[in-house]
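Form predicted on its own, single chain, as structure tokens, below.
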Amino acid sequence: MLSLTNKRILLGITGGIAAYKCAELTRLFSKAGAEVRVAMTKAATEFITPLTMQALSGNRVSLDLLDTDAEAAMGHIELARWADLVIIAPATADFIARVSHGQADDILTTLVLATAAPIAIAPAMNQAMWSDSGTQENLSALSDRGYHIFGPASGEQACGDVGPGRMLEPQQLLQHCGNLFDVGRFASLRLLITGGPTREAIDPVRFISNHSSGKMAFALAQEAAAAGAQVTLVSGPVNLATPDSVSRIDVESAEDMLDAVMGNISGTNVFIGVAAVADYRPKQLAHEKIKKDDEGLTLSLIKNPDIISEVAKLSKGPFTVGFAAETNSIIENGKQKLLSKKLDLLFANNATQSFNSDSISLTAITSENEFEIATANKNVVAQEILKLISERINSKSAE
């Protein structure tokens, strides 16, 4: 279910016998790449334990509206804001009645009223309760408000009756939930991105580095994850928060970055080398602080590994995208780098105008042509970059 990758699902469980199916539903959500949090009514805990749901979701289960620990941490309002989708499964006749009248007397009804996310309910009740005019009126009211009603199915019920009222099976609910989201252009892809500078140690307190802030790489990681990709970000030393749904590996030197890249390249569909990797490192590392000498200091430097070249020359390597931060002859130098390193796509820019800035302009360069991406916020530019990468991948696949 690629459309659920990186989605935040809030699963609400009410007090019906079908609550036991929520264990499997939670497992399926997690397997599809979603993050799941669970809220339960008091009655729900009589059918399936909070400990079971905590173990399966990997997150603390919300049980009480006035929970001191929860309010000190995320709280019910923050949980309502967190969700990309709220699904109530099973949704009993009582819960449907209460929420249809705007009640907020427990954690679950409060979350439903407080969220701006889409809300889906999976009714589960006796066939006579389902057919009752009061239940149907309540469902109609919820439907008019934009709630998604999934089911119910018809069949044998726990009470022995036969008819409509069975909660849909977990796999069916998974499919319905996935259909509520657009599949991102990178939903089937794994991306590996490098970003930030590297630091090449001279001695325990000094190093060679550059002015890269890492902002472009982090913007790309954020936008790629939002487009459904599974993103791993290998970052040099930067002061930036990890984007949601992105796996981050922190490194220091060029050799550290190469090791992290090659250790995670298997199964990668797209590699984007944004990092400003130091071209050279000291030939020898002093193990004690070098004392100041009035005559000066001479360092002997050796070349660092060329990470993007190592990736590009893999026999079954990923679609490889490079960046060239230049100070002169930007397009010419960019073209040379594209060809010499055998890259699929390259983005060149003026290094003096982009380091530590929130905005950037780029020239996209392919083996056939080049064109400009106008100056804009790096997240906006990241969206344009990903669009171009997607188009090039599709074009390459069609050849």
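What you are looking at is a predicted structure, and each value in this text was computed from that prediction instead of being measured. Residue indices: 1-based, along the sequence shown.
Keep in mind that the form predicted in complex with cytidine-5'-monophosphate (C5P) is missing from the display, and what follows is about it.
Across the proposed site, 211, 236 and 355 without exception lack any heavy atom within 4.5 Å of cytidine-5'-monophosphate (C5P) in the predicted complex.
Comment: cytidine-5'-monophosphate (C5P) is not present in this chain, but in the predicted complex one of 307, 217, 231, 89 has a heavy atom within 4.5 Å of it, namely 307. Scanning 326, 244, 161, 169 against cytidine-5'-monophosphate (C5P) in the predicted complex with a 4.5 Å heavy atom cut-off leaves one residue, 326. The stretch in contact with cytidine-5'-monophosphate (C5P) in the predicted complex, judged by heavy atoms within 4.5 Å, is 333-341, chosen from 359-367, 333-341, 39-47, 24-32. Mapping the unseen interface onto this chain, residue 259 falls outside it, with no heavy atom inside 4.5 Å of cytidine-5'-monophosphate (C5P) in the predicted complex. By the criterion of a heavy atom within 4.5 Å, residue 277 is counted among the residues contacting cytidine-5'-monophosphate (C5P) in the predicted complex.
Although the partner is absent from this view, residue 165 stays clear of cytidine-5'-monophosphate (C5P) in the predicted complex, with no non-hydrogen atom inside 4.5 angstroms. Of the heavy atoms in residue 273, some are within 4.5 Å of cytidine-5'-monophosphate (C5P) in the predicted complex.
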